[in-house]
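Let's start with one chain on its own, the form predicted alone, as structure tokens.
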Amino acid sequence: MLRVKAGDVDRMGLLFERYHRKLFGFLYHMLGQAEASEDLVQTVFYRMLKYRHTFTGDGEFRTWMYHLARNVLADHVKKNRHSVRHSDVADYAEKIGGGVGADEQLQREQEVATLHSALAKLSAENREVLVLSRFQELKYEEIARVMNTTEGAVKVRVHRAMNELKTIYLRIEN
């Protein structure tokens, strides 16, 4: 990103290839809308170019990227408050994870659908902290910087959100 900031805009393609699936997964888990998530990924990368001067290189790139993604997501939610649609998880499972055999794929799709339903029932704050920690594999320290809070607060939020998710998941599964 420092090279992009310095004017080597062609490097943005490399960043896109490296991070667009992770961003899609984050946005999809937060929204539950595949088409909107794909559009928002593009918006995040557009804003990376537009606001490249704000990247200092002091922290990790992905912390800055998720901070931008949170802002794009917040703008989208404000703009589209009254139009909530959910896509079929099975149509987009390959964008979220890797490939497996047919039987395993079917079982995985069912589990992903159940997990997605459970995640959708969490508050936006709990869903966000779980998506960042478990799906995007950010460290608690990075999440704290993205969310402008302390690492200890992130640990507590993750613990509480996991307990709530487990309860909801088991209720849906049964």
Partner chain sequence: MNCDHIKEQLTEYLNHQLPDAERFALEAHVAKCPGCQEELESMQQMWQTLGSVPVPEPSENLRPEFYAMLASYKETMPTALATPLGGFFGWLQSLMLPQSAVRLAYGLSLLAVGLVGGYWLNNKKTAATPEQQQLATLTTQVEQMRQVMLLSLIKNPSASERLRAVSYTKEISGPNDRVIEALLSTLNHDDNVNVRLATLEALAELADEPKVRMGLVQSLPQQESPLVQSALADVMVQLQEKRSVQPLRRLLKQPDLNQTVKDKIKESIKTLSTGQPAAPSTSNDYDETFLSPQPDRSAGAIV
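Because the structure is predicted, anything quoted here is derived from the model rather than measured. Between two forms, the rigid core is defined as the largest C-alpha subset superposing within 1.5 Å. Numbering follows the first chain given and starts at 1.
Here the subject shifts to the form predicted in complex with its partner chain, a form of this protein not shown in this document.
Visitor: Gln42 near its partner chain in the model of the complex, any heavy atom under 4.5 Å?
Guide: Gln42 belongs to the contact set for its partner chain.
Visitor: Check Ala153 for me: does it contact its partner chain in the model of the complex (non-hydrogen atoms, 4.5 angstroms)?
Guide: It does not: once its partner chain is placed as it appears in the model of the complex, Ala153 has no heavy atom within 4.5 Å of it.
Visitor: Is there any non-hydrogen atom of Leu49 lying within 4.5 Å of its partner chain in the model of the complex?
Guide: Although its partner chain is absent here, Leu49 would touch it in the model of the complex, with heavy atoms inside 4.5 Å.
Visitor: Give a yes or no for Phe135: in the model of the complex, does one of its heavy atoms lie within 4.5 Å of a heavy atom belonging to its partner chain?
Guide: Contact with its partner chain, yes.
Visitor: With its partner chain taken in the model of the complex, which residues across 9 to 25 come within 4.5 angstroms through any non-hydrogen atom?
Guide: Heavy-atom contacts within 4.5 Å come from Val9, Asp10, Met12, Gly13, Phe16, Glu17, His20, Arg21, Phe24, Gly25.
Visitor: Please determine whether the C-alpha atom of Asp39 is displaced by 2 Å or more between the shown form and the other one following superposition on the rigid core.
Guide: False for Asp39: its C-alpha shift is below 2 Å.
Visitor: Superpose the two forms on their rigid core, then report whether the C-alpha of Gln110 is displaced by 2 angstroms or more between the shown form and the other one.
Guide: Shift of 2 Å or more: yes.
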